[in-house]
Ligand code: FRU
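To begin, one chain is listed below as structure tokens, in the form predicted on its own.
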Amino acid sequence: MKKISTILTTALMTGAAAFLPAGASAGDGVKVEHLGLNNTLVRVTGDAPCLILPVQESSDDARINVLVDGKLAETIYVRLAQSKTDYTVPFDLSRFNGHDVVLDVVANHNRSSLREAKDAVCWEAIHLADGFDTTDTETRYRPSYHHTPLYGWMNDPNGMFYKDGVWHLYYQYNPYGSKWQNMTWGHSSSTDLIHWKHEPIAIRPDGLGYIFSGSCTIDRNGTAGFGKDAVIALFTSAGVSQMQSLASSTDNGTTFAVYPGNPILTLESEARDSNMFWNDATGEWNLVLAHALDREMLLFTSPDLKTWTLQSAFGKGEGEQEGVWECPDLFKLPVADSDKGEKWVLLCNINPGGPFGGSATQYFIGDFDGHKFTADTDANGKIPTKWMDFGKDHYATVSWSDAPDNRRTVIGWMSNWQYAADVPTTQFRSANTLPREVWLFTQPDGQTYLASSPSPEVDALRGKSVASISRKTLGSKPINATLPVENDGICEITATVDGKNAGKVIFTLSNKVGDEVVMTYEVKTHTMSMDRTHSGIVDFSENFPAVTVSPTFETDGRIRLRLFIDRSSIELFGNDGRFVMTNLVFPNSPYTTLSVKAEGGKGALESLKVYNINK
């Protein structure tokens, strides 16, 4: 392999249909040499920018050492197909243009002889191609207006920053399969937080390990020594141990140069997901690091983003302690309609230990002096546990750095570690939530809480109204609104309900095959629940059927709802984001109807509107 074209990158990142040669086999520019029961060499002898690898999800990972001119360039893990091909993934050869490439494959075939091992379907299916076809083959459940990877596995959003009119979203990414493995930083960019451009991979695993979550910042004064306005990334290098590493970018985050002095921060115990920011009040950099297994956050300071000094720790024995602590964020916000001024918010994502099982985002409200975070307490002197979202599918929530107009804009991973690898998709797995603006409000209990409402850019998704109902009395007979069937039921719904004279108000999403999602406002208990136990396909995990419940943070029996329905998700924002529930759903056919009724008395449907989505 000496010269190849660069078609691959364009085809991968734009989603354009690429070309898969008809009848291609391992003999077309690929030579397979079996060395033993579990070891095979795959030599690239032809010229093409892409090597297509067949995947079977039930197979064990094969370890593939990529040798370039006889030297180890990288190691990847792929579930190479043994008896059937579920889907294929591309390996980018264009990076090695002009060099000899050999894949040294170690695969456990669970076969008793070399002859049986040779029969694995992958050896005939591996082939060269001029590109990789990213045409969406899973429109049934791929979200229409939420960010997803073109293909492969995605989990935590990380490293997000805003610069020169562009929002940059990085994420934990496996480009070689739809299950967790090979952690790299995938990259997408957007000018409006809605339409995303898929960019080339930003940071790949290296000799220190996988590239776990981290953060990015714009080094306005060049304190790290990479130039004024350089983009600096801190991330966790995860090999045998977890260490913190640095990379820099001078092209606005498109490519990163890994710092040769890595790791820059090491500890004697597991710590990850570094989140840094410039502190104007103290004139230095702050870093929050999740001391994962100790269930606490570590707080550091630095003058140059390279040398960090531990100042304090927060959280041991506080909040939810069942699972590991991950993906922190720390920022200051004004308190709306209050004399409390500003407060600091510490986000702490945990897994497991969420209110309804699995992963979730808890948070603490308090004060931060640049060295120490002190959490507010309740009337009993205890630090209360608070949840950012009361659904099952909202995790790893972090914010963009350097957002315009002092905005605090966040996004989360829309899944749950209990079943993320088992959901009924294969070409890709996982999406992000809608972008959200966070703000603080107070309640009669004297506590300050974190609200999150859709970012202003989300308003552009709202199309024409396709159903409108107002001033209706609610009783036991449902009032129905039809969802846009021609658009797979994808829509935004707004509703205002007065339920003070009713026991409960019930909203039901349904389709013609009997799937339904039931959302119930319990007036006396001031709670809202979402029941997805009969929402469609639910049997892929015993942890998926669930009823989630949120406080409504109201006292007058009135709620305002804003619902976003996508092909496989429901995001419910109540009372301007004071309560939120995010849940995945996999209906057997799109939901077609929303019905509303009251039980235990009469309610009033003040307004209900259904809007098309502009994609």
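Start at 1 and count along the sequence shown; that's the residue number. Quick caveat: nothing in here was measured; it's all calculated off a predicted structure.
The same protein has a further form, the form predicted together with beta-D-fructofuranose (FRU), not shown here; the description that follows concerns it.
In short, of 494-502, 110-118, 319-327, 193-201 it is 319-327 that has heavy atoms within 4.5 Å of beta-D-fructofuranose (FRU) in the predicted complex. Comment: beta-D-fructofuranose (FRU) is not present in this chain, but in the predicted complex one of F212, W308, F428, Y449 has a heavy atom within 4.5 Å of it, namely F212. Distance criterion of 4.5 Å from any heavy atom to beta-D-fructofuranose (FRU) in the predicted complex singles out R272 from the list H147, R79, H168, R272. Residue contact with beta-D-fructofuranose (FRU) in the predicted complex: D515 places no heavy atom within 4.5 Å of it.
In the predicted complex, at least one heavy atom of M183 sits within 4.5 Å of beta-D-fructofuranose (FRU). Put simply, Y151 is far from beta-D-fructofuranose (FRU) in the predicted complex: not one heavy atom of it is within 4.5 Å.
In the predicted complex, at least one heavy atom of W417 sits within 4.5 Å of a heavy atom of beta-D-fructofuranose (FRU).
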